[in-house]
Structure formats: C-alpha cells, structure tokens
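First, one chain by itself: the form predicted on its own, in structure tokens.
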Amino acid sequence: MTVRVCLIGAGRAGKVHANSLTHHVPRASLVALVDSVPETLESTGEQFGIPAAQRFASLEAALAWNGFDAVVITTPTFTHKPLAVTAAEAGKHVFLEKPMALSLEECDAIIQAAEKAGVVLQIGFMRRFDPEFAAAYERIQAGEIGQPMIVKSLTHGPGLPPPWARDLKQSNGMLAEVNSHDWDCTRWLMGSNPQRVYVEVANFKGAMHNVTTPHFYDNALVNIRFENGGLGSISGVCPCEYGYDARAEIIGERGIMQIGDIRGQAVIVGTDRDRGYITPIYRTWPQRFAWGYIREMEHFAECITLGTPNRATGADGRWAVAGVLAGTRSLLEERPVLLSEILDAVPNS
C-alpha cells in the first residue's frame, strides 16, 4: 500500500515535507496540494509535479476530489484545529505540524476526532526521529548515564518570526513557535511530565525590527521541575542572527550526554592568520534536521501501512501546548506556574 498524501500549506515548511514525500518515502506519495495563496499553490505544485487539477484553494475542495488517504498540515497554528478535525472526520490520517494547537481544548478536539475516526494522528516532533536525538534517547533508556537529573534544551533561530507568530493570541508566541520542540524534548528525554515552570523573557531586538506586538520577546529562559523530581531548562532566542542552533544536554546520575553541535560540518578552514580558523554552522532548520524530517514522514507512512506504534502522539503534542500555556502565564504574571493550574482548567483533563 502506498499512502496518498494531500499537503495543506505549500509554503516553506510544506516544501520540506513535499521533498521528503517526493524523494525519500517509498510508502507514501504526494498527490495533492492545498493553499489559499494562488502564487504559492502554483509554484509549489510546479516544483513537485502536482497536476493543476490536484491543487486546491481549500481542504473542502480537496475532500470533494477525495483522491488521498492522509493529510500533512503545515499552516499557521490558529488554523490547525479546524483543518485537523475536518480531515479526521473525513477519515483521513493526520500529520500535524507543531505547535499542535492554541489551547488544550483544541488539542482535545483534534485527539477525539482522530480516535473516533480510527485514524493516525502524528505530531511533527522531528527531533524524536533525528539520528542524533534518537540515538541519545535509546542510550538513556539503556541506562548508560543513569537516571536523568537535568535536561537542558535550546533552540536559537536566525530570523524574526512572521507577524502572526509573534502574537500571543494567534500563536502563543515564541515559546510555542520556536520552542515547541524543546518542550517536547525535555519531557521525552527526562521520561517525566512537567510539574512546574518559571519563565523569564527579554526584548533586545524588537525596536530595531520595528516590532510593536504586545508582550513581544526575543529571548526566553525556562526553568522546569518534572514530576519525577528532575530539572529542566529551555533557552530560546529568535532572531539570534548567527545561524540555526539546536542542542541538548542530559546530566544523569552516572554521566553526561550532549546532543548536537553548533558546527554545521566537521570541517575547519584556515586561510587568514588574522581571522584564525573558520568552521561552517547550520544556517536553517531544514538543513539541521534534514534526516529528522525524512524519518518522521517515513514513520507516519509506517504507522498507517504497518500499524507501527506512533512515537509522536496527540498526547505528546498536548503536553507541549500545556507547557507553553503555563510558561506564558508565568511570564505574564511573573511567577512560577504549576501545570495543574493549566490542566485542571480543562474539563476531564
């Protein structure tokens, strides 16, 4: 069986998944595109060989055609819930980019729709599938460094997020748009749910970029206490200017493990004695996590065709959103916030 995929959102993130589906995932094929911007729809359709008749301005139009088995959703966060629920209710498997949604209620609606329809719901936590992060997780599970005591994760992005991604009402801000992977990784690597968070933020570069969005911040530090007593931290900077940087460190009872490298290549060049040695760094997130994006899409296809257990579930996405919401309350109210304050506010949470 080959999974026929409709990509919803034909922009930058969509193209990353389109490339994986077109060139690297034999169990799946990209058969349709959805995007509300005609120019984007046309250019991406041409780039990946999608016939004009299979390019649509809306999910509803694509569902009327109905020549696909699954959707990959890469649109802005505030559109995730209606798109994912509509697709699931139509019996389509759903791959949903992070952040999962804006609220826990929206997460629950998506999870319930997928469960009721009996379809796969996978969240786009590609770090779980990156060779380095995956190997580290397996070695932690094998007990190589003992019980994790502290997990530190960072994501520093080179460019300013788009206007909607800076708005807490449309995206939950940088803690969600930039650091969702860190919320997931710290929980995943620690093997425990967050219990309490405290966040400090700062705005160093907003004025020079003419950003006037309320509560805008371009630097964030998060402290986390986990239910098992472990500690965690998240560092977020966007824009950082110097490149794309994503690393993690786990300190266990018997050792330490570090994941990732600021260097983009293990190459050092020296041509100028005044400048010294120079080493390339990662410029973009598609470059840093190229194999993670491929392998997460392979996993999505295997979950559908082989029944492989899902390694990035709706519950995982929901926990990341809960962390973001607690972190946002912490920065706005300038105090530590228990996750129970967020979870208990949702009926049947």
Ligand SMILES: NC(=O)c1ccc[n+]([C@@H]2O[C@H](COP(=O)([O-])OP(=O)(O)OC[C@H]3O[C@@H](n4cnc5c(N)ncnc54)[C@H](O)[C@@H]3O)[C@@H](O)[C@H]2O)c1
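Fair warning: this is a prediction, and the values are worked out from it, not measured in the lab. A residue's number is simply how far along the shown sequence it sits, counting from 1.
Not pictured, yet referred to below: the form predicted in complex with the ligand.
Q: Thinking of the ligand in the predicted bound form, which stretch from 94-102, 217-225, 234-242, 146-154 has heavy atoms inside 4.5 Å of it?
A: Contact-bearing stretch, as computed: 94-102.
Q: Closest heavy atom of residue 62 to the ligand in the predicted bound form, within 4.5 Å or not?
A: So residue 62 does not count as contacting the ligand.
Q: Does residue 37 reach the ligand in the predicted bound form if we count a contact as any heavy atom within 4.5 Å?
A: Taking the distances in the predicted bound form, the answer for residue 37 is yes, it comes within 4.5 Å of the ligand.
Q: Using 4.5 Å between non-hydrogen atoms, is residue 5 touching the ligand in the predicted bound form?
A: No, no contact at 4.5 Å.
Q: Does the ligand get within 4.5 angstroms of any non-hydrogen atom of residue 130 in the predicted bound form?
A: Contact check for residue 130: no, nothing within 4.5 Å of the ligand in the predicted bound form.
Q: Identify whether the ligand in the predicted bound form is within 4.5 Å of every residue in the set 10, 124 and 177, based on non-hydrogen atoms.
A: The answer is yes: all three residues contact the partner (heavy atom, 4.5 Å cut-off).
Q: For a quick check, can you give me the residues of 163-195 that have a heavy atom within 4.5 Å of the ligand in the predicted bound form?
A: Counting only heavy atoms within 4.5 Å of the ligand in the predicted bound form, the contacting residues of 163-195 are 164, 177, 181.
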